[in-house]
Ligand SMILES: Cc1cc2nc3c(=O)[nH]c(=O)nc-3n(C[C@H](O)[C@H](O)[C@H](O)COP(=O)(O)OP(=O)(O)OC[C@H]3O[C@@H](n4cnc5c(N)ncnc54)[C@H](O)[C@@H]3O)c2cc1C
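Here's a solo chain for you in structure tokens, the form predicted on its own.
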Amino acid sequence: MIDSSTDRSQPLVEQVPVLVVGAGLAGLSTAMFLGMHGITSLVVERHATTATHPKARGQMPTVMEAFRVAGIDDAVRRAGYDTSLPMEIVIGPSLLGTPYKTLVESFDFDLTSISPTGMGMASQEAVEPILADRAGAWGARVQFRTELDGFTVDDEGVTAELIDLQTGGRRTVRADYLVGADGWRTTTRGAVGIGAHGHGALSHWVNTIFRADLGAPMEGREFALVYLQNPELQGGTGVFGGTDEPGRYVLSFAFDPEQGEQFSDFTEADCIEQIRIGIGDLDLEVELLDRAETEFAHRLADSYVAGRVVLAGDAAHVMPPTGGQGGNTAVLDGFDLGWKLAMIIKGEAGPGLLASYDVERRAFGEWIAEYQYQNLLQRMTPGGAEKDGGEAGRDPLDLMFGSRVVDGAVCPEPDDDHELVEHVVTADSRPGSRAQHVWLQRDGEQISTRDLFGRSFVILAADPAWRQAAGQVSDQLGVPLDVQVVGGDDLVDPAAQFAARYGVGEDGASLVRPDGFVAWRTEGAADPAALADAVRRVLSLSTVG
């Protein structure tokens, strides 16, 4: 439920399981996935609405799989560009100029051997309302024009003071947990004493939004993104891109405060001149709609968890936008945090499970932020188009599907190399890795193993004896375990791939987390004691019981 009104009759101290600060991609994803797992939340946002300015665009297949679990993947896909049409990302001197390097020609990738879903190309402005609506349908309350004005933390929860920015009214909220998803200007991180590290502030930009008739240059393109390297452009570099509205575009150019340059120095005429240089047409008719200042930075929280306070999205990991992974990482923060907080609050996991969110997401955040930083050096640094190497040169399939959580809430195998990112072509669904996509059939309809995950822990096995073993463990520990027997009449394995792809043989089983990562596996026969031990270890449960 989205609440923009100011008439909020609340108890003196309102009680909520989770208070989420910030209604961006991270905050709304967290609220949505919490709701999917049965936990309501209150989301507060100081702005009047969800995002209205062009920001992040594009959803990796892993994000679309998460949205598929929540039932919003089709809505997100419809809200974005048609990936079957040409969509170029290039490095060049201007939109009309000859590219120095073509990075992407199309997003119409055939990933059917790796994932049941493809890319999405929706904007942040389009996705946030979809997330808010689904979160609201699952019990979340999203309140705009509401600001966090301090909080205290104790062993049992968080007491927060909120201000209604329209009326000035104040109220107190008591929550079991507070999720700081308040963006790159986060106050939550500093309030709990979490420091930050990284490359720091990298560059300063003037972002312009404008209208122009670019019919000829854009003809035949569903979308274009041009990283500009041009000595005639202010700062020598910039970026051009489209928006959801035909004829409306964005162009950013750099300025350097250390050289005495300030955002306020750039007049409307200056901005239009830069737009014309970036397009490559000095006579182009341009209507400047808006301009704003922003900073590119690489700033990473030293920890994502401090007691009952958790960081997500840009509050945890500020990274340059080059590569489009900031928004994707924010959504996946919420996907991971949703099931972990829900299980803790419901008593199905120990509080220690939250530490795995810090270990897993912080390691990935560090890696992906460095990837984006290397992309910045290549794409938006004069002469960078000739540079290769580093994380920016990694196989895109590994970026999409190769991340691991082996040092978190899993039972790693003794010979595991503890690599953070693995090669997709050699992956084998080992603990800490992505549970692989295998096409199965149910009632004559094609279904992916990935479609079996998302709502609870899942045991995949070929031997029906695992049903009884899982039932015993579930009753003993109070943890729901969904058993899916592959190869029987209900779930057919037409290509006989499951046992080999999951490394469990005919007798063993794979325990898969709600986020689709393998937590544990065995080639041995159904063993309630071994399964119970694995579940306890993964969920930080007491060994008593």
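From a predicted model like this one, the values you see are computed outputs, not experimental measurements. The first residue of the sequence shown is number 1, and the count goes up from there.
In what follows, reference is made to the form predicted in complex with the named molecule, a form of this protein that is not presented.
- This chain appears without its partner; in the model of the complex, the one residue of 375, 230, 207, 115 with a heavy atom within 4.5 Å of the named molecule is 207.
- A heavy atom within 4.5 Å of the named molecule in the model of the complex is found for exactly one of 235, 242, 136, 183: 183.
- Every residue in the set 45, 314 and 330 has a non-hydrogen atom no more than 4.5 Å from the named molecule in the model of the complex.
- Using a 4.5 angstroms threshold between heavy atoms, residue 325 counts as touching the named molecule in the model of the complex.
- In the model of the complex, the named molecule lies farther than 4.5 Å from every heavy atom of residue 356.
- Not displayed here, the named molecule is approached by residue 148 to within 4.5 Å at the level of heavy atoms in the model of the complex.
- When contacts are judged by a 4.5 Å heavy atom cut-off, residue 321 counts as touching the named molecule in the model of the complex.
- Contact with the named molecule in the model of the complex, judged as any non-hydrogen atom within 4.5 angstroms, is confined among 79-87, 403-411, 424-432, 305-313 to 305-313.
- Using a 4.5 Å cut-off on any heavy atom, the residues of 16-33 that reach the named molecule in the model of the complex are, in sequence order, 21, 22, 23, 24, 25, 26, 27.
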